[in-house]
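Just the one chain here, the form predicted on its own, laid out as C-alpha cells.
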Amino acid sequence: MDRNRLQHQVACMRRSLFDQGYLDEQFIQLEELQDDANPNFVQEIVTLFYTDSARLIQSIEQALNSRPIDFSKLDDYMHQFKGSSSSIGAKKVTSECTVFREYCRAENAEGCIRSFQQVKQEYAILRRKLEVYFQMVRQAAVAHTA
C-alpha cells in the first residue's frame, strides 16, 4: 500500500476516534510530547495505561465480589482508574468511571456492578481501536522510511 494512502487512513482513523467520542484533547497533548527522540511516546504511554489498569480492574472486581462491599475502597480504585483514563484522553472510559463513582457514593451495589460492566466494555472497545490505530501508525512509518 502506498505511503500517502496509509497516512490518509491513519488520519481518518484518528479523526474517527475523536468524532466518536473515544478520545479527547488530552490525547492530542500526549501527541505533542512525541518527537523524533521518542517517536513511540504515545504508544508507550497507552501501553503503560493498559498494564496499570489491568491491575486496577482486577482490584475492583475483587472489591465488588467481597461482602460487605467496601464502597470507599471501590471509589478509591475507580478514582485511580478514572485518573489514568483521563491522562491518556480516554473520554468514554472516563465518563463511565464517573457514573460508577456516583453509584459508589450512593452505596448502590447493583448500580456499581452494572456500571462496571460499561466501564470494562468501553475500555475493551478503546483498547481494540487503539491497537488497530497504532498498528496503522507503525505501517505508515515503515512505508515512510522505505
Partner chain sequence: MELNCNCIEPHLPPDDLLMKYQYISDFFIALAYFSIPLELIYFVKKSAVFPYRWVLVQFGAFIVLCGATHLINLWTFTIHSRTVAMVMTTAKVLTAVVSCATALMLVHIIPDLLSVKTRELFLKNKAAELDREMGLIRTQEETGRHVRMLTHEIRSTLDRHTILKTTLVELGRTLGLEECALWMPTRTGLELQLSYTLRQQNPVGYTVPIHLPVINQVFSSSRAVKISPNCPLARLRPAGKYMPGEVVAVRVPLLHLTNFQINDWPELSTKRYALMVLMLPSDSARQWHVHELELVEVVADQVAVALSHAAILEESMRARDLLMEQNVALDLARREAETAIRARNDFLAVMNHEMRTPMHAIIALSSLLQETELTPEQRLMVETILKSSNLLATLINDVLDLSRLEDGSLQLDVATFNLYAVFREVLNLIKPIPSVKKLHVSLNLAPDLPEFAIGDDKRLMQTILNVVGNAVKFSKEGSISITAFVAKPESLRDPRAPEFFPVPSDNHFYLRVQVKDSGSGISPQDIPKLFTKFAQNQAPTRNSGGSGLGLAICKRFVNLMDGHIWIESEGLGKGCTAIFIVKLGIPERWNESKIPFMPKASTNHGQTAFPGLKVLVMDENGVSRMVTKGLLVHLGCDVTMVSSIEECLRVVSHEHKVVLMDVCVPGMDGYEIAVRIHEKFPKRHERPLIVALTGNTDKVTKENCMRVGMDGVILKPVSLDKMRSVLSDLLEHRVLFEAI
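Numbering follows the first chain given and starts at 1. In this text, all values refer to a predicted model and were calculated from it rather than measured experimentally.
As for the form predicted in complex with the partner chain, it is not shown, yet the points below apply to it.
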For this session: Classify residue 114 as contacting or not contacting the partner chain in the predicted complex by the rule of any non-hydrogen atom within 4.5 angstroms, answering yes or no.
Result: no
For this session: Could you confirm whether residue 38 comes within 4.5 Å of the partner chain in the predicted complex, counting heavy atoms only?
Result: yes
Exercise. Going by a heavy atom distance of 4.5 Å, is residue 110 a contact of the partner chain in the predicted complex?
Worked result: no
Exercise. Is there a heavy atom of residue 45 lying 4.5 Å or less from a heavy atom of the partner chain in the predicted complex?
Worked result: yes
Exercise. Picking from 48-56, 91-99, 63-71, 117-125, which part of the chain touches the partner chain in the predicted complex when contact means heavy atoms within 4.5 Å?
Worked result: 48-56
Problem set entry | Triple contact flag 26, 30 and 79 to the partner chain in the predicted complex, non-hydrogen atom at 4.5 angstroms | yes
Exercise. What residues of 80-96, in sequence order, lie within 4.5 Å of the partner chain in the predicted complex by heavy atom?
Worked result: 80, 83, 84, 87, 88
